[in-house]
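Okay, so here's just one chain, in structure tokens, the form predicted on its own.
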Amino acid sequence: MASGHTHLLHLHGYSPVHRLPAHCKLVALVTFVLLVVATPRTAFWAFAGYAVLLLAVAAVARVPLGFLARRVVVETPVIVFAVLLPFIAQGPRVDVAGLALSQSGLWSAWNVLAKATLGVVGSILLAATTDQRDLLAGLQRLRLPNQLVQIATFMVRYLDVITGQLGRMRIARAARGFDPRGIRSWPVLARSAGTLFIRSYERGERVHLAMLSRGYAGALPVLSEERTPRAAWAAVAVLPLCALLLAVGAWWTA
């Protein structure tokens, strides 16, 4: 598998955001998320400002809103947790549409939902404008531990291989007339999962031996050594600086 393969979250393009170095975008995103998390939950106007900032980045990056909306579904478990909070939290109750909901639970649900959604949208924008290889090179440039970078690299490179193997097994089962309906299909699916694990493990062994035969000694080659221009740092600093102004204003008026 070539390193140039793209992932489902990536949106190919040539916008100014696409051209920015991956490690600069990573720093900007982490700083933005930290500022969002540190914002008081009662500062509704600040969260609206964060959303406007992300929409501005999406507009500059030419990422369609429909693209973002379809991928925000990854946040579904967080949404379910936030919906349950007003029902399971303790404390004073308020009447909302005939339901007695926890006041602290409502505030907690809003806090979790608003901050998680902004973080997820920011991450989707990063993934949409950054290729896999550039993202890994960015982690390497940020001096992330070498072992973690290698694990991420192997996961990205061989996720498609494992998915392809799973697809071939599904087609083979269908060719034999297997129809996964009801509890009776569970043993077949369990054996398929076990077979997939064994095949993946054996493939991993073969890949490791092939790497050793090519001189692998526990470290991957440096993916990028290009010097980052100051203009790139200045461009990515716009988002966290605007977020910093909003966060300071939120704490000032809290």
Partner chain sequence: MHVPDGFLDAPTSIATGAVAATAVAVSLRRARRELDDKTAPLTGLVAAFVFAVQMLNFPVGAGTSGHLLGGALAAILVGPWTAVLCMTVVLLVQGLFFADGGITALGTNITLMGVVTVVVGWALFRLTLRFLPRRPASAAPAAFVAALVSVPVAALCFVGLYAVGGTADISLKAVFAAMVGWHVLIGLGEAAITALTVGSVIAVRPDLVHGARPLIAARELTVRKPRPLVTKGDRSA
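Positions refer to the first chain, counted from 1. All values derive from a computational prediction rather than experimental measurement. Rigid core: the largest C-alpha set superposing within 1.5 Å between the two forms.
Quick note: we don't show the form predicted together with its partner chain, though the next part is all about it.
The closest heavy atom approach of residue 62 to its partner chain in the predicted complex falls outside 4.5 Å. The closest heavy atom approach of residue 197 to its partner chain in the predicted complex falls within 4.5 Å. In the predicted complex, at least one heavy atom of residue 202 sits within 4.5 Å of its partner chain.
Contact between residue 187 and its partner chain in the predicted complex is found at the 4.5 Å heavy atom cutoff. Using a 4.5 Å cut-off to its partner chain in the predicted complex, each of 34, 78 and 156 places a heavy atom inside that distance.
Taking a 4.5 Å heavy atom cutoff to its partner chain in the predicted complex, the contact residue among 151, 96, 83, 174 is 151. In sequence order, 163, 166 are the residues of 163-177 having a heavy atom within 4.5 Å of its partner chain in the predicted complex; the partner itself is omitted from this view. Relative to the superposed core, residue 178 undergoes a C-alpha shift of no less than 2 Å between this form and the one not shown. With the core held fixed between this form and the one not shown, residue 211 has its Cα displaced by at least 2 Å.
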